[in-house]
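Below sits a lone chain in structure tokens, taken as the form predicted on its own.
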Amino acid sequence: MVTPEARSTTAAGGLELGGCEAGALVARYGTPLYVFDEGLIREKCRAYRAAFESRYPQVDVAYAGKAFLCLAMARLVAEEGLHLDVASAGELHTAVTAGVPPARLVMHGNNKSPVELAMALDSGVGRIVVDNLPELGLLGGLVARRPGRRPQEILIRVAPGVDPHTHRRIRTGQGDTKFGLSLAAGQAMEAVLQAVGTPHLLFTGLHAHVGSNLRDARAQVQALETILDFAVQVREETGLTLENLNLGGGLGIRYLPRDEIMPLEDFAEAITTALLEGLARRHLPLPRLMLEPGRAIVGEAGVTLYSVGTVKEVPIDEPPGTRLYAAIDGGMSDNPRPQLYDAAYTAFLANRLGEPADTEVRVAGKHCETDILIQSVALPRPRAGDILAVPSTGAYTYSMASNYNRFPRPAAVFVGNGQARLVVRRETLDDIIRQDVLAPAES
């Protein structure tokens, strides 16, 4: 991750991102600004593929588009040979427009509408991950009404009943979850049998995702044992063996310098070793292994730049008796994670890297809420006009941004080799009112 201790600086002591000076980026594109190191994203894509492909014979790595998706990101993923997982009509439309080969698209969602499923079929999506029994019937009927169309390949999403020990709002594989079909309650087997009995659907495997921002592989390995036991049951009930096994994503990143995350190579070793040994114990053939990293690909490649505005000291009851607030020109509209998940970030002043960080500061957004981006961070005493850099903001910031308080959403740029290119334009005030309607009242 980018930190004051491990970052590139210009000769004048300013922050450099992808060979571009942060101050110059701010002058050109304004703030708040999402900055992505394109080279680092590509490096992460290649590292993920290499870590698993060197340890297992058949691997598909699908980037989880929910983490960050725009046309440029979709195209980058395709250029790096990854698949892409999409979970809405908007994400699917982005992928198709960017030219991602449809066979490399994986369609997710716990409540896919008939319109979204039809769009997926018409686009030629390679795999659809079926979340529930009603969806099976709906999808089978939609394929049947397309004469001459090939059967649609599907995976059944299962809930393995594993506690991933992450924030409660990003757990997805436990028993009490909106995602997937319970193994323990028999829903998953019911879905498999229904899928196998549907002429226009081709059941080829299982999908499971236990949670996000995990620090190690323990939850995935635990889930894997349960899933492979279920694969044996599927073989006994249907005579079929799994062609595909999708273990989702979930590997976390460093948000704070002290964070400890399992290295990717160790993570891949743990997953593939457990899979190979588990298959051998159960006399199961090797399925194609599928993985869906999102945050692990793009998270640490992103830095958000803000301009500091109001700086003020307020009295508090506890020592030292005052607290210094620095307000920025963004906040929960461009990064809601601190409000949603109590997410913690660090920050530094991109234009004053050479100065001692000797002042404890609370970084506040400018929205009509408490809207605290960072509870406490050591900075040089901030001044209006400083550039605040918040690292590890590549995932779930732009993709979760809103227009709260009618804020225009920020621009996003890719940087690399001293060049910057705009990949998402900053919204304008006219964009904010573009969908509004002023019309006479209906009589």
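None of the values given here were measured: they were computed from a predicted structure. So that there is no doubt, residue numbering starts at 1 and follows the sequence shown.
A second form of this protein, the form predicted together with a small molecule, is not displayed here; the remarks below concern that form.
> With the small molecule left out of view, which of Thr304, Asn335, Ser212, Asn351 would have a heavy atom within 4.5 Å of it in the predicted complex?
Among Thr304, Asn335, Ser212, Asn351, a heavy atom within 4.5 Å of the small molecule in the predicted complex occurs only for Ser212.
> Which of Gly249, Pro160, Gly180, Gly365 has a heavy atom within 4.5 Å of the small molecule in the predicted complex?
Contact with the small molecule in the predicted complex is made by Gly249 alone.
> Although the small molecule is absent from this view, report whether Lys66 comes within 4.5 Å of it in the predicted complex, heavy atoms only.
Contact check for Lys66: yes, within 4.5 Å of the small molecule in the predicted complex.
> Report yes if any heavy atom of Pro293 sits within 4.5 Å of a heavy atom of the small molecule in the predicted complex; otherwise report no.
Result yes; Pro293 sits at the interface with the small molecule in the predicted complex.
> Are any of the heavy atoms in His108 no more than 4.5 Å from a heavy atom of the small molecule in the predicted complex?
Yes - in the predicted complex, heavy atoms of His108 and the small molecule come within 4.5 Å of each other.
> For Tyr396, is any heavy atom within 4.5 Å of the small molecule in the predicted complex, or not?
Although the small molecule is absent here, Tyr396 would touch it in the predicted complex, with heavy atoms inside 4.5 Å.
> Where does the small molecule sit in the predicted complex: which of 202-210, 96-104, 282-290, 321-329, heavy atoms within 4.5 Å?
Flagged stretch: 202-210.
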